[in-house]
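One chain follows as structure tokens, the form predicted on its own.
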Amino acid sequence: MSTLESRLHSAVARVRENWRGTRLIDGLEPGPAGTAALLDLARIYRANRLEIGRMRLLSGRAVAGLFFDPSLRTHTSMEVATGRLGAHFVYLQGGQGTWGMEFEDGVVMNGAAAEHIREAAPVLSTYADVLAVRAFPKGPNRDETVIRGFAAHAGAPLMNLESALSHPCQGLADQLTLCDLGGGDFKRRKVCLTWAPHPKPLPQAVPLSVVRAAVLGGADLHIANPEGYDLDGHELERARSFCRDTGASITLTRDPDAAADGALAVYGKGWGGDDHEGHAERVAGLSHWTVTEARMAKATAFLHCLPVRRNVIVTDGVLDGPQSRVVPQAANREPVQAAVLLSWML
């Protein structure tokens, strides 16, 4: 066994010492120690990925990616990470080339859906070593029907590739990016998550995952949003429950400039609030929440999950300027996802 392969096996063992789970649904499952171990494994992968690609460590394994919604970074980074590790990636588009799927129990299936999750998830689990599912809410922005259905009925390890309330792989990549910005970690460093205008009332999956990542990493997190756009209270309290262990803190404010002042990173993101019907009208009067060069004057870096609405969420000057870290942030998706796959399959 080469020195690099030995390091990888040791790093995987450290992950398993702290996290034996086979479900990555909201990103809190590994806890602070398990997440730190995953990030250490991701760093080894990131620094050596071409050599790792020649090792074919997961040869003979398979990952099924079931996408009910569009993707650029998530699909590509998952397929590249899987392939570089030597496993086979099966890309499935829910309802396009696959049967329409039913998730409710006790229904009479005489409509468009021909396949029930009770059969689909266990069957896919017999083919693939890992299932990875992306499904945005079709109704209320708290609707987690699809990912919870797979969690209940899949026999294989399950990775959430974004749902209504969670985007855990994005959260891991964000945490790795913040560590890079902080010189190794970002404990007690100020991080700003600010609401920004978006023409659609987007789900809270990404901002809530930013909160979880910041808390697991021990940040001094400041969340700025207008009235009526508060993040889900239950999910905020779940994240707060980790603060004592990690030393993190969460401050809520209506002042985006104060939240951004002195921050290691300003993470701009739009999300929906209480009134979805009146969202477009309200957003039209909130253009001062766009992240501008002035707002970034005393901050180190700008982050966003992408895709981003230029000159709506953030100005060209910020996005094209030296503070923008959105491209390396997106690049970090591959190593963190590879780390999860290695921890489950190596």
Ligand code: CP
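Quick caveat: nothing in here was measured; it's all calculated off a predicted structure. Just count from 1 along the sequence shown to find any residue number.
The same protein also has a form predicted together with the ligand, omitted here; what follows describes it.
Colleague: Using heavy atoms only and a 4.5 Å cut-off, determine which of R84, R189, H222, R134 is in contact with the ligand in the predicted bound form.
Modeller: The option sitting close enough to the partner is R134.
Colleague: Note which of L306, A284, A47, A294 lies within 4.5 Å of the ligand in the predicted bound form, where distance is taken over heavy atoms; exactly one does.
Modeller: Flagged contact: L306.
Colleague: Any idea which of 229 to 237, 118 to 126, 84 to 92, 162 to 170 reaches within 4.5 Å of the ligand in the predicted bound form, heavy atoms considered?
Modeller: The contacting stretch here is 162 to 170.
Colleague: Within a 4.5 Å heavy atom cut-off, is G321 in contact with the ligand in the predicted bound form?
Modeller: Residue-level check for G321: no, no contact with the ligand.
Colleague: Would S71 count as a contact of the ligand in the predicted bound form, using a 4.5 angstroms cut-off between non-hydrogen atoms?
Modeller: Close contact exists here: in the predicted bound form, S71 approaches the ligand to within 4.5 Å, heavy atoms only.
Colleague: Do R333 and the ligand come within 4.5 Å of each other in the predicted bound form, heavy atoms counted?
Modeller: Yes - in the predicted bound form, heavy atoms of R333 and the ligand come within 4.5 Å of each other.
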